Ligand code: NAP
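First, one chain by itself in structure tokens, the form predicted alone.
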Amino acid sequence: MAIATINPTTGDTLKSFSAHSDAEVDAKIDTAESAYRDWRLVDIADRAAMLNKAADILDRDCESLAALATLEMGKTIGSARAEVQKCAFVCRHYAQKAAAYLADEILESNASKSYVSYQPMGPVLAVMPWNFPFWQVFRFAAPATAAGNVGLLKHASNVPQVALAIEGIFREAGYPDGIFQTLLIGGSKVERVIRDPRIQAATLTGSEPAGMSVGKIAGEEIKHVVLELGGSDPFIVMPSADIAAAADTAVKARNNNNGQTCIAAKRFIVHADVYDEFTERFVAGMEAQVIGDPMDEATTLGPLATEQIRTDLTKQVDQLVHDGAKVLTGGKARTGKGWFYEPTVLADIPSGSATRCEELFGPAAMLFKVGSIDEAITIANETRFGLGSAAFTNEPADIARFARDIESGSVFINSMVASDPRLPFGGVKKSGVGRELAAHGIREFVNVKTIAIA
């Protein structure tokens, strides 16, 4: 893929960029390594002050930054503003909490004094996706730099202007040269960077194949990785739930970011006692979406980010229908300019269809009718993914079962799955390894060093 801004609303190429040469990449890595030697010694209070300044810049420039995200990947302007504001939140969170998260931990041993010291690792490569082009980067960069690491960003090739804008935010916030840099490179160059001995670790948010590739390369180099990969999140509705609220939340959970988020609800598992009511409300909510220009404040569903994403979603929906699924609404791409896809609900998903366990990256939902909590949990766990999950119920026994038995990195009860700087985030099974955010996230890229004094 060329490194370029291609407006998904029109399909027009607006701006192209030349990739950095190997020599330019090497120079940036060298700058990062050199900057790290001093940055690791900077007092954490001074690092926190810079994070707060970055948050101020994000707040100040929220409108222009949001418009840039919408232009490059098509999210609605309202959701883009919320994303930029969330980036300011994560900066302020780590500015406030980093010192406590990284404080020495005293432990008992045979030594006169023994403790754990959380020390930085060095330059970290971040391979980031286009769907939340600001948030995905800041949720890595805020804790990583607060801990004393330096970051090198290989962003998705369709959001180069966002990538450069993020580098500019760090620069304006007073970070020294080399603490956070953008590499304008294609995916084929990632292996070379990971294998560079100056790179100490890598993090990737993206597809399962991309995660497997980065994980394999890092494993061969014995380098730490954090991988946040795909999801096919279940959204379970039980008879005791507030069905109107569950259906309203379901529409938001499926269409968030135009349906292009790993933690979007994708498989809606509904008890037979409330299936008809939920389905009627859910379909009506999907059909009420306002599809159009994402820069228009009235739009609730914009285009998919690339033509290939829409092609892939079309093939998946067509395969489900071929296998026997019933289309309740939508089911096809829109004609004309831009990469729009109609909000879609599929029911009667056949048990033999392999596609029912795949990730549908767009506004297409699969409905499952179940007769018991055991059946609901079985279907929830049948995919190879285990990122997030949501369950709507007011029965304490149900809540306990879902919390214990759903195989996922998070279980949200009576709300949609969301990431929060105060809570650890990540998945199990094929949804990844490691955690981001909270204390767990900042401790991913540190040397957990044991100090024992006789």
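What you see is a predicted model, and the numbers here were worked out from it, not measured in a lab. Don't overthink the numbering: it's just position in the shown sequence, from 1.
A second form of this protein, the form predicted together with the named molecule, is not displayed here; the remarks below concern that form.
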> If you check 235, 180, 138, 361 against the named molecule in the model of the complex, which one has a heavy atom within 4.5 Å?
Replying inline: 361
> Heavy atom within 4.5 Å of the named molecule in the model of the complex: which of 379, 283, 190, 169?
Replying inline: 190
>> Within 4.5 Å, heavy atoms only, one stretch in 171-179, 197-205, 313-321, 339-347 touches the named molecule in the model of the complex. Which?
In response: 197-205
>> Each of 73, 85 and 161 within 4.5 Å of the named molecule in the model of the complex, by any heavy atom, yes or no?
In response: no
>> Within 4.5 Å, heavy atoms only: does residue 210 come near the named molecule in the model of the complex?
In response: yes
> Looking at the partner-bound form in the model of the complex, is residue 129 within 4.5 Å of the named molecule by any heavy atom?
Replying inline: yes
> Is residue 303 one of the residues lying within 4.5 Å of the named molecule in the model of the complex, judged by heavy atom distances?
Replying inline: no
> Taking heavy atoms only, is residue 356 within 4.5 angstroms of the named molecule in the model of the complex?
Replying inline: no
> Considering only 149-179, what residues come within 4.5 Å of the named molecule in the model of the complex, judged by heavy atoms?
Replying inline: 154, 155, 156, 157
